[in-house]
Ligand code: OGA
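Coming up is one lone chain in structure tokens, specifically the form predicted alone.
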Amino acid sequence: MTIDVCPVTDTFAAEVGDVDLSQPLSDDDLAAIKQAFWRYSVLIFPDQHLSAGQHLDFARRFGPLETSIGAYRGPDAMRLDKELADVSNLSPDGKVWDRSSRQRMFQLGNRLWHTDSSFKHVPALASLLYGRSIAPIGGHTEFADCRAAHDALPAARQAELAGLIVEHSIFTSRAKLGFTDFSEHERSQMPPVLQRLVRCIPESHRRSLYLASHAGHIIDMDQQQGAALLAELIVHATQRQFVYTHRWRTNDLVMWDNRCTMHRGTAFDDLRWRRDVQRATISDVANSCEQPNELADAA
């Protein structure tokens, strides 16, 4: 039996059925999943029962795995394997965190619109988030289609944005929430990086805005002017017509293309409800500025 793809819209987000990700995939099924991924950018696989190893094995079919930034805190501070990002509200001993948790302050940044690992020199290509336990209310994930957002811009604005380069930093997004309590050592582990503002996705040949709360300023532009432009573009890209909201069910696996989407988590009672979600992240092939100038090739 081949996989079944049920689109949410014609071009953005789709559910995938008739597949068990805990088992080896046939070449045909893997090819069909990849084809759906390049088209829809967000795929939902309901009712998957995966060990951590099976989660990672499926992720590896799309490329090399990132190491979670939690690793810089040392192995004693980590609840999961270094190749899994812990996006839960759980402390290393598996208990729901308390209000004063430093990890909680850091994770609240996930409620801002962002793109995973745009603050790394080699950013993320794809993320695969698995819900082992879900809060009964709240805690949804919203996804914005940055390809459609780019398409909706006037041609003159598209031309203005095409060559711009942006500085990204994890500390920029956390500062937006007033969380600046980082040591010099922590800051040195994750220095700012440069990324393109507009990318062309090679598998679909579609242009996309590349935005995130990690984006601080635009190179060779007045700081305030650049920040205002980035804020304007995020507001534009997250209009309701570009957004899919995923309401989690236990054992959902959701994967998305970080090159052409933004996402954010919505609020829930994180001091009461246990929410255990774990992310495997696929590295892109190179920094966006170091990849071929697909925009020129596509023009």
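Computed from a predicted model, the values in this text were never measured in an experiment. Residues carry their position along the shown sequence, with the first being 1.
Note that the form predicted together with the ligand isn't included here; everything after this is about it.
Heavy atoms within 4.5 Å of the ligand in the model of the complex are found in one stretch of 52 to 60, 232 to 240, 263 to 271, 32 to 40, which is 263 to 271.
In the model of the complex, the ligand lies farther than 4.5 Å from every heavy atom of Val16.
In the model of the complex, the ligand lies within 4.5 Å of some heavy atom of Asp116. None of the heavy atoms of Ser101 is located within 4.5 Å of the ligand in the model of the complex. Taking the partner from the other structure, the ligand in the model of the complex has no heavy atom within 4.5 Å of any heavy atom of His121. Of the listed positions (Asn110, Ser204, Gln189, Ser133), a single one reaches within 4.5 angstroms of the ligand by any non-hydrogen atom in the model of the complex, namely Asn110. The single contact residue among Arg157, Lys176, Arg79, His140, judged by any heavy atom lying within 4.5 Å of the ligand in the model of the complex, is His140.
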